[in-house]
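Let's start with one chain on its own, the form predicted alone, as structure tokens.
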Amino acid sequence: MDITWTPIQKQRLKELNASPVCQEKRFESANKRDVAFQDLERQLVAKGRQHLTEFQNNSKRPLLSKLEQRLIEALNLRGFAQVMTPTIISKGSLAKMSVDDKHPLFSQVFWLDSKRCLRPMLAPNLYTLWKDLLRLWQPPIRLFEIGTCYRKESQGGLHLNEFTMLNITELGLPLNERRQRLEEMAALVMSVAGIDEYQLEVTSSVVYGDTLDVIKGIELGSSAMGPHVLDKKWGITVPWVGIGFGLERLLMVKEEAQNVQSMGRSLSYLDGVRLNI
């Protein structure tokens, strides 16, 4: 008889970060399954408590915070200036990104009122800064931002309503260097995150059209380049490149976590460990 975990058991094992192999085990009887579940749960709970003790006594900073710091330091060393922009943006800014009430992303936006929302992406604010800094600085202009974004994402192990984005941009570079620069940006981020053997794939975005995505099992990052059809609305006339990463997804892949929720801002997890243990 081919017996698998019950839905409740499987959910619990996923919360406790059991490996995919453990989650797919099969048993000869329900009794053997239940005994195996109790034993595995005890092991995973003990491992989680040990991690929390180490966190309290030694590391004292969540994985997400430490990744942010490493990225800031690495990007600064390579000439990128960090910016910090508002979380609340205008409906007009989204419209300039082509996100109006007919756009697929529009229904995923957290609206505060008829004219303001929580940003679903960093790009509108970066476009705004580009225009002023192109007037004030000599190109190339290298900027990055790490900040929280919000979307009414579908539920599941890969999606968060509140997530941390990294956007890296460069303006004023030669047209024939754009692809190379994107590859260099992707390599830098993946190296800092400790992830190797990833792929670069051309896909289609609902905002930017064809993009170069960073893939390792799941999408980790997505890029775009200009001149782009959106540039005219923002007054941008120089070539540019930009690439964005979800930091929680980077951590999920690096730590081999079973859901992205364990890597993000949470009241249920701390540093990847479920707290109801």
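Heads up: residue numbers just count along the shown sequence, starting at 1. Here the structure is a predicted model, which is why all the values come from computation and not from measurement.
Keep in mind the form predicted together with another copy of the chain is missing from the figure; the text below concerns it.
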| item | value |
| --- | --- |
| Another copy of the chain in the predicted bound form: contacting segment from 25-33, 235-243, 59-67, 220-228, heavy atom within 4.5 Å | 59-67 |
| Contact of Leu188 with another copy of the chain in the predicted bound form (heavy atom, 4.5 Å) | no |
| Interface membership of Lys254, another copy of the chain in the predicted bound form, 4.5 Å heavy atom rule | no |
| Distance check, Thr203 to another copy of the chain in the predicted bound form, heavy atom within 4.5 Å | no |
| Any non-hydrogen atom of Arg135 within 4.5 angstroms of another copy of the chain in the predicted bound form | yes |
| Of Asn76, Gln199, Gln180, Ser114, the one that lies within 4.5 Å of another copy of the chain in the predicted bound form (heavy atoms) | Asn76 |
| In the predicted bound form: members of 82-112 within 4.5 Å of another copy of the chain, any heavy atom | Gln82, Val83, Met84, Thr85, Pro86, Thr87, Ile88, Phe110, Trp111, Leu112 |
